[in-house]
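What follows is a single chain, given as structure tokens, in the form predicted on its own.
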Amino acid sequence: MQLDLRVDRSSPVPLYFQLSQQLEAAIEHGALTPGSLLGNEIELAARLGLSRPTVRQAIQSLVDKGLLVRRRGVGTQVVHSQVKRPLELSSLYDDLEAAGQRPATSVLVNTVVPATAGVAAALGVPEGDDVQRIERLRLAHGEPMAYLCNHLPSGLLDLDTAELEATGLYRMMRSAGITLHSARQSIGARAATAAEAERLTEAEGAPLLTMQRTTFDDTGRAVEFGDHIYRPSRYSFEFQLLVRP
């Protein structure tokens, strides 16, 4: 590991936290890539003039975040960086590509179903009308990140399963001439059901991030309603808040 790591002993910030922040930044910016080994704790402690417990605490904080993993006989290994998604009208596929996360998709369901009351209200169609339902598992570096359930008005575009596995839904919509203009979105959290836990390789009851979004085109028509769940160890939403004058 050839990183320029420094600690400031005159700073009120704990030494372990200074080290963990620098290592996390190295992971986020690609200086430490997935699969790379962090190195020996003893050597790192000696190089920085820190105690082993301090270095161990810094590394453990990143293990707890899911950025590092300790493997017997291998050492401490970088797993991945957490995807920090800005709250704007973008697709998870595009965000993962921009973060260098090598997105992949497994389509679980691609069918036409009658619209439930909630889906009908979101899409502005009569309850019971046909709508397209797609369920996908989104992966990065081969690990599941999110379970995506989307409903679209029937006949809006051809949702080919092979294409859905090769690219993002919003890219397909744009390619079909649909101009995505705005969205109404809500974010929350809840415990994973048994089925969700199995899909996302989490424990049943583990906390999950949730997001519901209704997307509108430039005519004001609702073109998609998404109900998504995310692993918080791999994913977060970022807000930019402005002070009103």
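For clarity, a rigid core is taken as the largest C-alpha set superposing within 1.5 Å between two forms. Everything numeric here is computed off the predicted structure, so don't read it as measured data. Residue positions are given as counts along the sequence shown, with the first one as 1.
There is also a form predicted in complex with the DNA; it is not shown, and the following applies to it.
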{"property": "Residue 52: touches the DNA in the predicted complex, heavy atom cutoff 4.5 angstroms", "result": "yes"}
{"property": "Any non-hydrogen atom of residue 15 within 4.5 angstroms of the DNA in the predicted complex", "result": "yes"}
{"property": "Partner proximity in the predicted complex: residue 56 to the DNA, non-hydrogen atom cutoff 4.5 Å", "result": "yes"}
{"property": "Contact test in the predicted complex: residue 124 vs the DNA, heavy atoms, 4.5 Å", "result": "no"}
{"property": "One stretch from 23 to 31, 56 to 64, 196 to 204, 213 to 221 that, in the predicted complex, holds residues within 4.5 Å of the DNA by heavy atom", "result": "56 to 64"}
{"property": "Sole residue of 74, 112, 108, 162 within 4.5 Å of the DNA in the predicted complex, by heavy atom", "result": "74"}
{"property": "Partner contacts in the predicted complex for 24 to 44 (non-hydrogen atom within 4.5 angstroms of the DNA)", "result": "39, 40, 41, 42"}
{"property": "CA of residue 192, rigid core aligned, shift of 2 Å or more between the shown form and the other one", "result": "no"}
{"property": "Did residue 223 shift 2 Å or more between the shown form and the other one, C-alpha, core superposed", "result": "no"}
